[in-house]
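In C-alpha cells, one chain follows: the form predicted alone.
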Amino acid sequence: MFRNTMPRYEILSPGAVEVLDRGWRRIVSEIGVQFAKPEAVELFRKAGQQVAGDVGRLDPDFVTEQVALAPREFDVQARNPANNVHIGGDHMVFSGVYGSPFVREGDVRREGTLADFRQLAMLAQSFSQLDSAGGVICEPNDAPLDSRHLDMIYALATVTDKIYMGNVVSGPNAADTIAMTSILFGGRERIEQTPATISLINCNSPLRWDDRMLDAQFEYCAANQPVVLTPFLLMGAMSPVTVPAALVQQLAEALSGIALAQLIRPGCPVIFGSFLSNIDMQSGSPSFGTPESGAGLLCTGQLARHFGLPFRTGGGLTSSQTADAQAGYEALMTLLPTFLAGTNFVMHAAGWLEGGLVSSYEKFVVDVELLRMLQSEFTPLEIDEESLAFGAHEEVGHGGHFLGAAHTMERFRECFYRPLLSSTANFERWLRDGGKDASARAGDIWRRTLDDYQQPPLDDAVRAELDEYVTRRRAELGD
C-alpha cells in the first residue's frame, strides 16, 4: 500500500475552522439529526441526549467526547497477509468503483452481470495500485435480488485475496457478510480482534440516517468492523449551494453517525466519510470533478485531521459518459486533491463513469494509470551526492549528451516512470500499431490482464464451508 509522506495541502485558516466548528454545533443542537431506528434513538436517550420522536438534538460536547473514543488508526486484515492495510496516518488505501447498476465495455453500455462483477474484482486483484476490490463493484442484475449479496461476497472472498467491503442493503445482509468473513478468517473472534471488512454507511442527507443503513451499521459496529460514515452531499440538492454550508452539514452528519457508532461499541473503528460535489444548476444533473468538489475535498481532509479521524473522500470521479478526455481530466481534478489531502481510504479509485451509474472497463485502466502516476509523483525525491551525477558531467563534458553515459546506462531501466497506458510513439509508429487512442489501448490492457489473471489459492475446507453457507442461506431467502 502507498504511504503519502508529502506535506498536506491545507486551505482553511484557524479562524475558518472555528466558524465551521460553531456551525455544525448549531445544527446538531438546534435542528437535530434524524435516526430512523428506535434502537439508535434509545441509545442517545440513555446517554442523556434530547430526543423528540426520532430526532436527536445532541450536545456538541457529548458528540466530540464520543468521537474521541474512535481510534485514530487501525489495521484491516486481508486473506493474504501481504495485502493487509493500515487505515490512518500517512497511509492511503485505494478501492475500486462502487454501486454502479450499469457496465460499459467499449461502445456497449448495458446492465451489470455477475460475470462483470467477477471480472472487475479480478482486475482489482491484478493491479497492485488497488488495495481493495471494493464492495458492489457493479450491480449483478442477473443474480436474484434477495441473495445476490451472497454471490458478491463469495466472489470478493475467492477471486481476490485483498480486503473487501461489506454489504449494507439491510441488517441481515450485513450479518451474512460478517458470517462469511468469519468463515474465511477462522471465526468471528478473529475478525473482532483485527477487522476484515470495511462498509459504507451513507447518510440520507440532509440530516437523516435511515433504517436500512442503521440496521447494517449496528451489525458491523457490534462486530468491531469499521464503517465509513458518509454524508451524501450534492450542493444545491442535498445541501445548500455554498461549500462552507456543505462542510458544516457534512460535519454534523458524519460526527453524529460516528457518535452513534461509539454508543453501539465504544472504541470501534470508524472512517470520517465525505462525498461532496454539486449539481449542474442548469440541468439539475450531478456534476463531478468540479472545482468546488476539489476545494471541499481539501477542506474535508483538514477537518478530519482536526478531529483526529481517518477519512474517506475523492476517487476518479467524472460525469462523462465514455472514457474520453473529459473522463480523464475530471478524474484528475478529484484524484489530485485526494493525494494533496492525504486521504486515508479512497473509494471509486478505478472504473467510475457517468456519475457513478456505470462501471467501465476502459476507465478502470485509465484510473490505474492515474494512480500509478500520482503515486510516483507523491513519492519524495531521494537527494544525495550520488543523485547529483557530478561524474556524468565529467564524462560528457561541454555540448555532449548523456544517452550513453555510464550514469545513464546504470539507471535507464528504472530512472523514469514507465507508463502502462500512455503512448509516446511517433506518429508513423502509432499508425503502424493501429492508430489506437487511449480508450482503445485501455481495452487491450484489461482484456490482456484478465487473460493473465491467476486466482489466488484458497483452502479447500474454507471454500467448502463458504459454499455450504451460500447454498443454505440462498434456500432460506427463497432464491
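Owing to the predicted nature of the structure, the values given are computational and were not obtained by experimental measurement. Numbering starts at 1 and follows the sequence shown.
Unshown form predicted in complex with another copy of the chain; subsequent notes refer to it.
Of the heavy atoms in residue 7, some are within 4.5 Å of another copy of the chain in the predicted bound form. Contact annotation for residue 458: none of its heavy atoms lies within 4.5 Å of another copy of the chain in the predicted bound form. Put simply, residue 438 is close to another copy of the chain in the predicted bound form: some heavy atom of it is within 4.5 Å. Proximity of residue 454 to another copy of the chain in the predicted bound form falls outside the 4.5 Å heavy atom cutoff. Contact with another copy of the chain in the predicted bound form, defined as a heavy atom within 4.5 Å, is made by all three of 242, 287 and 422. Partner proximity in the predicted bound form, defined as non-hydrogen atoms within 4.5 angstroms of another copy of the chain, places exactly one of 92-100, 167-175, 264-272, 334-342 at the interface: 334-342. The listed set 115, 145, 222, 295 contains one residue whose heavy atoms approach another copy of the chain in the predicted bound form to within 4.5 Å, identified as 295. In summary, among the residues 191, 122, 183, 373, the only one with a non-hydrogen atom within 4.5 Å of another copy of the chain in the predicted bound form is 373.
With contact defined as any non-hydrogen atom lying within 4.5 angstroms of another copy of the chain in the predicted bound form, the contacting residues in 1-26 are 6, 7, 8, 9, 10, 11, 12, 16, 19, 20, 22, 23, 26, given in sequence order.
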